[in-house]
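Shown below, as structure tokens, is a lone chain in the form predicted alone; questions about how it binds or moves come after it.
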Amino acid sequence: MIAIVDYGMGNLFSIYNALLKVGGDPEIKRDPDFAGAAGIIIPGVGSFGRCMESLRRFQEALAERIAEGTPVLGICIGMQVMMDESEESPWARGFGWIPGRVVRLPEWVTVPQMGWNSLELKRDLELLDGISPGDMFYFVHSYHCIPYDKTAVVATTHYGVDMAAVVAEENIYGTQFHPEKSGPKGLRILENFVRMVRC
């Protein structure tokens, strides 16, 4: 089973349906009980601070599962909350699973970014099996992640500035784009995640 964290701010059903389409066994979790979950997905829509307020009740359970080696995938702001802090909500602390900060897109581009952008791959990652440089994915965001350790950045995209599009550190993964809204290539990423959690 793949647990989808329901903290009141995610695209739950689009992710749920996409996982079903690629052979996954998703379950929406409204409480911090991840017993039986082979993998966990943190979706995201909304502001950093409000998301963290809603996610706090899941923090201990998520940390326990990460320590046990359970793969965790954060999508959009679900990736951003994996960092330490965000300019969007300076008073809020992120999970800090991947040390870094979240900053606003540069002032010379239209914000939010809404549309398709290509990826530049920086290193191999099982989550991106079957993904090639230049493949397009759907982004909707106003802020982007800057991990302090650049080796955590697996793929970048360019929108006024080169920015992290995919990050990974051990069993923690994040995509700034929405794979569930990115057509066949996005489904391929979710299919890879399903395969990874079954290994």
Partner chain sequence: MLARRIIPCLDCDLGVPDGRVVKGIEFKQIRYAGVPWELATRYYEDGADEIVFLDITASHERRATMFDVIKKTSEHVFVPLTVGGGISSLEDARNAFNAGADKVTVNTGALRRPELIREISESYGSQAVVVAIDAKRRYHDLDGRITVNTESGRCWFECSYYGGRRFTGVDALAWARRVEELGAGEILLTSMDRDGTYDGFDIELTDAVSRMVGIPVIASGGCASPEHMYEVFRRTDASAALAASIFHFNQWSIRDCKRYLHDRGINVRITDWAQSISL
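This one's a predicted model, so the numbers in the text were calculated from it and none came from an experiment. Positions refer to the first chain, counted from 1.
Beyond what is shown, the protein has a form predicted in complex with its partner chain; the following relates to that form.
When its partner chain is considered in the predicted bound form, only one residue from 146, 136, 28, 63 comes within 4.5 Å through any heavy atom, namely 136. Taken together, the three residues 99, 103 and 171 all stay farther than 4.5 Å from its partner chain in the predicted bound form, as judged by their closest heavy atom. Contact with its partner chain in the predicted bound form, judged as any non-hydrogen atom within 4.5 angstroms, is confined among 152-160, 53-61, 66-74, 34-42 to 152-160. Proximity of residue 125 to its partner chain in the predicted bound form falls outside the 4.5 Å heavy atom cutoff.
Contact annotation for residue 113: at least one heavy atom lies within 4.5 Å of its partner chain in the predicted bound form.
The shortest heavy atom separation between residue 89 and its partner chain in the predicted bound form exceeds 4.5 Å. Scanning 12-46 for heavy atoms within 4.5 Å of its partner chain in the predicted bound form gives 13, 14, 17, 18, 21, 22 in sequence order.
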